[in-house]
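Given next, in structure tokens, is a single chain: the form predicted alone.
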């Protein structure tokens, strides 16, 4: 009888970052599968128009079976607190931040709350986020506010994560920690 490979251990927090369509979610999903734990997918996107609804349906189909999906566009706390014995993938911090920005919430306070919830999570958490600071300076105040807040959020998450991976053109680049 052939022995099964042992599950891969992840640190308490893993951050996967990169640009749009870089392969971030695909890598995060592979990391979650490799743990051998039951998987929870925390979706922060909202289907506010037909195009976004189609994107969400496409992502769900690509992910396949074996995921418990929880929709949490603003409050990630319950999904993170209920993660004992499983791996939780939050996709993505960028949409979560956008949701709070558009709701008029205090982004620094929300970032502090999220950091606390992530530290208290009972199982490993993988957070997907976008790197938005490599382009030109946005031409309007709201976009600049978002870009700056996203940069601060990413720095905060990276500082607290045991593993940080940037994905460029589908290729992972480990920035912190060791890829399992």
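Numbering follows the first chain given and starts at 1. Small disclaimer: the values here were computed from a predicted structure and weren't measured.
Although it is not shown, the form predicted together with another copy of the chain is what the next lines describe.
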Hey, of 117 to 125, 142 to 150, 28 to 36, 66 to 74, which bit sits against another copy of the chain in the model of the complex at 4.5 Å between non-hydrogen atoms? 142 to 150
My question is simply whether residue 167 lines the interface with another copy of the chain in the model of the complex - judged by any non-hydrogen atom within 4.5 Å. yes
Residue-level contact is defined here as any heavy atom of the residue lying within 4.5 Å of another copy of the chain in the model of the complex; does residue 9 satisfy this criterion? no
Another copy of the chain contact at residue 133 in the model of the complex, heavy atom, 4.5 Å: yes
Test of understanding: in the model of the complex, would residue 154 fall inside 4.5 Å of another copy of the chain by heavy atoms? yes
With another copy of the chain taken in the model of the complex, which residues across 47 to 74 come within 4.5 angstroms through any non-hydrogen atom? 51, 55
